[in-house]
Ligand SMILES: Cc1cc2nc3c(=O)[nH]c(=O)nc-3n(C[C@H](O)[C@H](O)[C@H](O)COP(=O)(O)OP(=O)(O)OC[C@H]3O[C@@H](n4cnc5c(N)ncnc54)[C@H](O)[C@@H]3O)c2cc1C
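Just one chain is shown here, as structure tokens, and it is the form predicted alone.
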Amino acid sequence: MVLEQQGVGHGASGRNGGFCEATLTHGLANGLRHFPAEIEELERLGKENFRGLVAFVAEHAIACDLEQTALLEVATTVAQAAELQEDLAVRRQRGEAVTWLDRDQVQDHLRSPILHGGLRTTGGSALVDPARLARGLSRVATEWGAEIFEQTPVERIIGGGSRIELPTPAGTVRARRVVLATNAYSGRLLRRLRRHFVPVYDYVLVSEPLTPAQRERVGWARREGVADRGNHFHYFRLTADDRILWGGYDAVYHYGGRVGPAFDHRPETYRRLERQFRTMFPQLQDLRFSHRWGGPIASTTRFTCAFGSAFGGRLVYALGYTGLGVVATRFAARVLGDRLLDPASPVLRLQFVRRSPVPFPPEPLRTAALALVQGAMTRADRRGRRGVLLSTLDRLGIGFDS
């Protein structure tokens, strides 16, 4: 039984940018920083998990515009280009199919006057329509016997006895085993989870379909998913009908970790994103944006998801995918299923699963700390170097970006 507060795909499951990556650790560098002894196994599991998602979509004919593409990470400054070149050797040593593109070569993939170079990575990545994927997964779950109750918010969680009680406006569900899969909304039902993540709001613009002339101006013939190297970074992609989705940069935190419909739109950020888009693609001044939206992303201090349990192990949870949940949530479901049904599973012995991230401080220190880090990120992007604060956080294994 699935209890869904709104409709299937209403939250991050349907509103994300649709980037699918094989990594479980938010990239190789982050995985090496936090789990060096397990990185080979985590890389293997990530690739296996990605292939499993692609195969599942094909097997069950889920019409979600899944398109296996390369990923392109681009530099908009000379300093960012140098950082990407430093990454190149490490990633090649680990067997990644990654290619350096200099300033002239990157224009062959994506025409923008502000690009200084980029890394192009093939294998283990795709683009997808996330809302259609969520609806397709719900269809398969229903065919397999699951009952999905939409517009059925859980009001609270009550432990005690042999079952957990989940009161809803339609009645109370009593269950022996419960999975809490609410990510950035998790703090409402289990307050103690708030220390493990921060919900930060991310926003996107989606353009009208490109005309043939506009498409020719921008290039993008290989249809890569793209992100720039900045701390305040943008991610952008083509949709199946040749619209451009352009998002990122701002990561807006509201005091106390508040989330809700009141924060789903932010005109100030929409205006900023449009100005930045015109800087990236001045040749598309005539392109208009027809859609825009936002929503909360749950981020942990180590940029990877956190696993845990409550009520004597009868409730399990995973949260904190930090923007890469389309594929990582599939692996998290495996972990949570094993916790409830197969406690001898070797996956549960991984430090990646067992070790919790460093908690965030309580309020008001949390808001102050995030403001300091945001300021340091802005200065780092302007100056081209990390600075004392960000370098110290790097050494402590604590990260935060847009």
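Just count from 1 along the sequence shown to find any residue number. Treat the numbers as computed from the prediction; the structure is a model and nothing was measured.
The same protein has a further form, the form predicted in complex with this ligand, not shown here; the description that follows concerns it.
Within 4.5 Å of this ligand in the predicted bound form, a heavy atom is found for not a single one of T76, E208 and L287. The stretch that touches this ligand in the predicted bound form, counting heavy atoms within 4.5 Å, is 176 to 184, out of 94 to 102, 264 to 272, 176 to 184, 112 to 120. For T25, no non-hydrogen atom is located within 4.5 Å of this ligand in the predicted bound form, even though that partner is not displayed. Contact check for Y317: every heavy atom lies farther than 4.5 Å from this ligand in the predicted bound form.
In the predicted bound form, no heavy atom of F303 sits within 4.5 Å of this ligand. Of the heavy atoms in I398, none are within 4.5 Å of this ligand in the predicted bound form. Between the options F281, F331, F307, Y235, the residue in contact with this ligand in the predicted bound form by a heavy atom within 4.5 angstroms is Y235. Comment: this ligand is not present in this chain, but in the predicted bound form one of G295, P199, G225, G230 has a heavy atom within 4.5 Å of it, namely G295. Along 152 to 168, a non-hydrogen atom within 4.5 Å of this ligand in the predicted bound form is carried by T152, P153, V154, in order along the sequence.
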